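This document opens with one chain alone, in structure tokens, the form predicted alone.
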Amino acid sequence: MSLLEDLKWRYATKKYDPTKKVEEEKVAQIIEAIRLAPTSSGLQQFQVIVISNPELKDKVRAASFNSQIIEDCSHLLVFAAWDKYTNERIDEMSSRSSISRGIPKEKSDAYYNMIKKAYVEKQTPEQNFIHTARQSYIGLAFAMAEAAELKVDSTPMEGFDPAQVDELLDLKSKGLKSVTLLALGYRDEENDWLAKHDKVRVSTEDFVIEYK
């Protein structure tokens, strides 16, 4: 099946079957798709927390308007971005790149020093987080696409209290802030009202603005 067919199949699942668990190998494939997603300057400015523990899911649910989706889903992914850029974080990724590609670090120093000046010196931590959070959305998109290919249902969620989730997962100590949640599981087709409806999208003609 093509990616377009996979995307036509998927929808933001509203009711999961709590008796069906996503196979660990499929979860691993989804995580790998996120890990391989592109990010600005290849810095990978976010991490993913994978939650399958029912007690912890229940605590996150309490911080997410008591969403039944979180209770019933198989796995819950939390996308957490860097709270800010630091010289150390940029240096670490610079070193990884140098070692992996066999390129002397000094050859890329000018580029990474430019990044440090742009983000660490000239921006506030709040501005930094806006940028790092945007990178996590790229990973979120890759996760949903890979899940659709594997016929795993998913639901992206922004309806939660980030401060509460950050505290629950001790993200501050890791220099991270939660951005989005992604539920994974298998749809309860009989009880999910949305499963019976067509996907609604603007037509291509209305969606695309083209200049030739």
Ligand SMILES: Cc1cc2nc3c(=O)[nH]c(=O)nc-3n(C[C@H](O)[C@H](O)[C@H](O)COP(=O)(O)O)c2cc1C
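The shown structure was predicted, so the numbers you read here are calculated from the model rather than taken from an experiment. Throughout, we count residues from 1 along the sequence that is shown.
Just so you know, the form predicted in complex with the named molecule exists too; it's not on screen, but the next bit is about it.
Novice: Name the residue from Leu150, Met157, Val50, Ala163 that puts a heavy atom within 4.5 Å of the named molecule in the predicted complex.
Specialist: By the 4.5 Å criterion, the partner-contacting residue is Met157.
Novice: Give a yes or no on whether every one of Arg10, Leu140 and Lys199 sits within 4.5 angstroms of the named molecule in the predicted complex by heavy atom.
Specialist: Yes, the whole candidate spot contacts the named molecule.
Novice: Tell me the stretch among 119-127, 98-106, 85-93, 132-140 that has any heavy atom within 4.5 angstroms of the named molecule in the predicted complex.
Specialist: In the other structure, the partner sits against 132-140.
Novice: Given that the named molecule is not shown alongside this chain, does Ile69 nevertheless sit within 4.5 Å of it in the predicted complex, heavy atom to heavy atom?
Specialist: Looking in the predicted complex, residue contacts with the named molecule include Ile69, since a heavy atom lies within 4.5 Å.
Novice: Is Lys14 part of the interface with the named molecule in the predicted complex - any heavy atom within 4.5 Å?
Specialist: So Lys14 counts as contacting the named molecule.
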